[in-house]
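Next comes just one chain, in C-alpha cells: the form predicted on its own.
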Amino acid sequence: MRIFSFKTKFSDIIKLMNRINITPTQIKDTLYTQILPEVFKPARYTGGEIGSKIPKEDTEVRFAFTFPDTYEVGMSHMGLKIMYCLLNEMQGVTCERAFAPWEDMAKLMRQYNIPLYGLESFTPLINFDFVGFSIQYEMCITNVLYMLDLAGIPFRSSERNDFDYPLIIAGGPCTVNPEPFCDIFDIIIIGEGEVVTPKLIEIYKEYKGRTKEEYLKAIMNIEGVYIPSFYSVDENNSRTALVEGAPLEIKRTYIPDMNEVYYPEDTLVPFIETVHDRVMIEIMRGCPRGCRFCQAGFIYRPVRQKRLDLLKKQIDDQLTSSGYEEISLSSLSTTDYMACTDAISYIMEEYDNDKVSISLPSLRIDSFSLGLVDSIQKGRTIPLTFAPEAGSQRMRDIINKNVTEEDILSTMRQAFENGFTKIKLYFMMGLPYETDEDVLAIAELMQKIVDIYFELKLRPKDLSLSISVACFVPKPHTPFEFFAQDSKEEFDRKQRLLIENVNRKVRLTYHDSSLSVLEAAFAKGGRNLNDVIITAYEKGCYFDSWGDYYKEDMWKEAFSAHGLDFAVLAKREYDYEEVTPWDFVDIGVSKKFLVREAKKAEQQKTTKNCYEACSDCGINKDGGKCNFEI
C-alpha cells in the first residue's frame, strides 16, 4: 500500500505515517538499498557534502531550509548557504536542507513509503519544528505543495493544529506580495531572513509546549513578520485584523550596514555540478540604477556595499575551504560596486598561481565593464552578457535604462576589437507604451551590431551573437505595478514580428508567453488564488518553470474551477490611488515615488541613478541620504 499519491487525502497520509513510524535509519537503509541505485543523479539525495553540518546532540529546535526546486538549482542559491550556516551556529539549533526530488525519485519514495527528509539526518520533515521555503519565483509555488505532499504535511495553515506539525514559513523576494499563497504558510518573512529567523527560533524555544496561536501572537509584531491567518481581506483589498494588536502594515526588514551581514567562513561543496558551480561572494545589496520594470532594484534598496578588507577576508575563507577554482562577485549590478576594480586586482594577484578565474554575472554596457572583463580573461574566450532591455531609445527612456544606442554600439565595437566574439544580449517585449516600431528596433539594433563586426573584417565563423527576449511581467512594488500585461496572443504576434525581421546570424530565444501571463497573474493577484494553486497541484501541476512540465490546460482548468481566468487577471490595471493586494507591505520605497516614476515613464523622462542624485524614493524615512561609502 502506498502512502503518497495525488489522490490520497492528507488526513489519511498522516494516519498512515503515524502507523508506520519510520525512523531516519530505516529511511537511509531503504534509500541506499532500494532507491538510489535506480535514480538519476543519486547524489542529490544523500547529503554528506564537504561543509555540511552534523546535527547537534543537544538540539532543541530543528529547522529545515527547503528550496522548491531541484538540488542543482537550490545549491546555487547564496541565501541558502548563508542561512544554513547562520542557523547551525545558533545554540541548540540544527538546520538541515531539503530540495524538490525529481520525478523518478518521487515515484520511488511513494512506492517505498519514504517521506521527504532532511539531507543531514534523514529525519522526516514532518518531525521538524520549522520548515522554511525560499520563494524565488512565482511559478515555484506548486513545488511547495509537491514537497509538503511528499512530507505528509497538510497544505493549509488552518489544517495544521498546534504543534502537531512543523511551522511552515515562506521567505524570499516573492513574499513582497504574499497574498496569492498566504493560506499555505503559518509565517511569512518579508525582507532579509538573517534578521528575523533567529528571533523566531529563540522565541519558539520559550513557547514549546504551548499552543501554536500563543506563539504566533508572540511574534506577530516583529518587524518583517506576517501572520496571514490573523487577517481577513475583502474584495477591495481592505484588511481587518482578527487578532488584537496585529499590525495592518508589515514593514520589510533589512540590515542597513552590509558589513554587519552574516557570511559563513566555509561553504557547502556539492558532489555534483550545480547551476552556479563556483564560490559566490556577495559584494553589495541593492542597485543604484532604478530600471522601472525591475522588482529587485526596488525591494532591495538601499544600496549597501561591503568594505574591501572584509570582502578580501571572505574571498580567502571561501576559496581556502572549498577548493573551487572559480569565484563570482555577486550582486544585482556588480560593476556598480565602487571597489570592483580593487577586488578583481586582489584576486588576480593573490590567486594567480592557483589559476582562479573570476566571473562577473552582471555587466553595465560601457567601456568600464568591458575593461574589467578584458583584464580577467587570461587568454580564455569569455562570453559577454549585457542587458539593453529595449531596442529603441524611446523605450529605454521609458524604462529608465539610461543607456544610449551610442553606448551599446561603442561597447560592441570595443568588444569585437578586443577579441570578444561570443555575446548575448537580453531584451524585453510587452513593456508599457511599446509599439511595433519598438519591437522592430530590436532587430534593427542587432543588424547594426552585425554590421560593426563585418566592418572590422573579423572571421565570420567566430561570431556568436544571441539575444534572449523576455515577456514583460508587471511586478508589485515597481513603477510598472499599475500596468496591464500584454495578452498571450499579442506576445505571440510580437515574437513572430521579431523572428521575421532579425538577422539570421543572430540566435533568438524567447520566453513562453503563456507561462509569462500566468506569472503575471500570480505577481499581481490576491487571496482568491490560494484555492487555485491547490487545485492546480491536485491536477498534476508542479515544476511549472521547467519547460515541458508546464501544463497550460490544467492551469486553465484550475482557474476556471474557481470562476477565474489568469489571462484576465494578468491584464488587470490599477489606478494610482487604488488599494492593491500588496499595499499593506511597506518595502521602504514609497508608493508616491512609484507613481511619480510611472508618470515620468509616460512622459519618456529618465531619473538619474542613486550615485548621481537622490531620487527621494522614501527609503530613508528620516529624510537623510543613503551612505555609499565602503
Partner chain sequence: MKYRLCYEKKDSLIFISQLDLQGVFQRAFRRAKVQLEYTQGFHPHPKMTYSPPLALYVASKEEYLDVALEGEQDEKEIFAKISAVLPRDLILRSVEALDENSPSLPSFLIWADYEIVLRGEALSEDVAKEIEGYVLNSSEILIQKKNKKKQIVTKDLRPLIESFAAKVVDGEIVINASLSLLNDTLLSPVLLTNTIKERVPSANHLITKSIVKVGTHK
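This one's a predicted model, so the numbers in the text were calculated from it and none came from an experiment. Positions refer to the first chain, counted from 1.
Keep in mind that the form predicted together with the partner chain is missing from the display, and what follows is about it.
Colleague: I'd like to check something about Ile499: if you look in the predicted bound form, is any of its heavy atoms closer than or equal to 4.5 Å to a heavy atom of the partner chain?
Modeller: No, Ile499 is distant from the partner.
Colleague: Give a yes or no for Gln604: in the predicted bound form, does one of its heavy atoms lie within 4.5 Å of a heavy atom belonging to the partner chain?
Modeller: So Gln604 does not count as contacting the partner chain.
Colleague: In the predicted bound form, does Ala218 have a heavy atom within 4.5 Å of the partner chain?
Modeller: So Ala218 does not count as contacting the partner chain.
Colleague: Would Leu456 count as touching the partner chain in the predicted bound form under a 4.5 Å heavy atom rule?
Modeller: No, Leu456 sits far enough from the partner chain in the predicted bound form that none of its heavy atoms falls within 4.5 Å.
Colleague: Using a 4.5 Å cut on heavy atoms, which of Leu36, Ala567, Leu564, Ala598 is close to the partner chain in the predicted bound form?
Modeller: Here the answer is residue option Leu36.
Colleague: Which residue, Arg572, Lys28, Lys56, Lys591, has a heavy atom that falls within 4.5 Å of the partner chain in the predicted bound form?
Modeller: Answer to the contact question: Lys28.
Colleague: So if I measure heavy atom distances to the partner chain in the predicted bound form, which of the stretches 263-271, 488-496, 384-392, 144-152 falls within 4.5 Å?
Modeller: Result of the contact check: 263-271.
Colleague: Listed by sequence position, which residues of 316-331 have a non-hydrogen atom within 4.5 angstroms of the partner chain in the predicted bound form?
Modeller: Sequence-ordered list: Thr320, Ser321, Ser322, Gly323, Tyr324, Glu325.
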